[in-house]
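Here we start with a single chain on its own, the form predicted on its own, put down as structure tokens.
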């Protein structure tokens, strides 16, 4: 395909680029960047006011499928990811069956390849069936293509088992990805604060996160394993990561888009769409997370996409399934952060593309002449309504459902092919 994108704001942190320019793609390759007013093409896009940047890498998502097709399929959710600007995804291992065997990993990646929207970078289970008692065969799973190992949201209470997991991973140079929340302290249903008290819901204190982070940091330092923290939620958690980095620990961390944009007050009225694990926290925590992304303490922003069917969110709040389908509203939330100047385009693109790519040990080709086209074009001013007709994900748990939103992906190129075209 021969295409010219005209007048976009090109932001690529890997090249230190931030400029208004035209871009010409032919046969999946970037042929020219600059003033292309004299160039004709069969496909022209007027991209004035739009953001053009390298495609995104998602360090934490749930793609469902296998025995959960009522929630979503790999085809539907990778298409939704492409519609949010993503080209590479790290799916969580809490699939059914669990991603603790090469056959499951092969099935998942094959389904994604057949769908053709995104490349999967699988995260495998750290322990068998995520039960925290027996180590998975990490070395074999690494050879099967897994880029990291996680026990998802399941805490490993036995320190001996956790030590053996970290020693095994360190021996083979494998990455461990942690969702830090103490099991006993994390039994509540939302952030422990005034809102939880007023609503009569059991709260999850910040110490559930910080105690777990501190514990894992000790194990990481002891074993020298490559460690990454998924979905940091609190100001105290950000500070622990900041101190550990200052002391020379080679760790990384991410935050979900929901925790950057919402707080525990969204749960008022028992709105189950905001029932998340880990929970949404206070406004002071949200601001600290924003600052963590801005100063580089938090390396990446993930989707934490978890689609559910309607029935999963229709019981009393405490009994509803946790999680939010975020891909359809991802770009509007990014646009909010930009328009409110909470983060700059450079900070956001780095946290969505170049930095998570480094963590996942992959690459997003730079937006440069001669490179394969891997980028997303975002219309930050596009007005639209999120509803059943406009959403791409199969998940019905859309927190912003039936609202007028601003910002939507116009185009996503993945490995020289158009994976999404609105």
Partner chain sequence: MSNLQLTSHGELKHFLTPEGLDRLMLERILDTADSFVVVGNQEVKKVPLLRGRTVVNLFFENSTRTRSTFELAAKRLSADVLTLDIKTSATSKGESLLDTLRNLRSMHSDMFIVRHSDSGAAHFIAEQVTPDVAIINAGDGRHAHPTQAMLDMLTIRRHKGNFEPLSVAIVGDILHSRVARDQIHALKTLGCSDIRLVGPNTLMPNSIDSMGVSTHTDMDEGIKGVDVVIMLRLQTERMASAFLPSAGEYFRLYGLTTERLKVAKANAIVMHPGPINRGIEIESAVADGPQSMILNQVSYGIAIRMAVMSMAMSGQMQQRQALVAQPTNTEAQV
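Not measured: the values here are computed from a predicted model. Numbering follows the first chain given and starts at 1.
We do not show the form predicted in complex with its partner chain, though everything after this point is about it.
| query | Of these, 247, 197, 160, 133, which has a heavy atom no more than 4.5 Å from its partner chain in the predicted complex? | reply | Flagged contact: 197.
| message | So its partner chain isn't shown here. In the predicted complex, which residue out of 295, 218, 202, 283 has a non-hydrogen atom within 4.5 Å of it? | response | Of the listed residues, the single hit is 202.
| Exactly one stretch in 239 to 247, 253 to 261, 135 to 143, 317 to 325 has heavy atoms within 4.5 Å of its partner chain in the predicted complex; which is it? | Careful reading of the contacts points to 317 to 325.
| Contact label in the predicted complex: residue 193 to its partner chain, heavy atom within 4.5 Å | Output for residue 193 is yes: heavy atoms within 4.5 Å of its partner chain.
| field | 4.5 Å heavy atom contact, residue 269 to its partner chain in the predicted complex | value | Because a heavy atom of residue 269 falls inside 4.5 Å of its partner chain in the predicted complex, the answer is yes.
| field | Contact set, 326 to 351 vs its partner chain in the predicted complex - heavy atom within 4.5 angstroms | value | Going through 326 to 351 in order - heavy atoms within 4.5 Å of its partner chain in the predicted complex - there are no hits.
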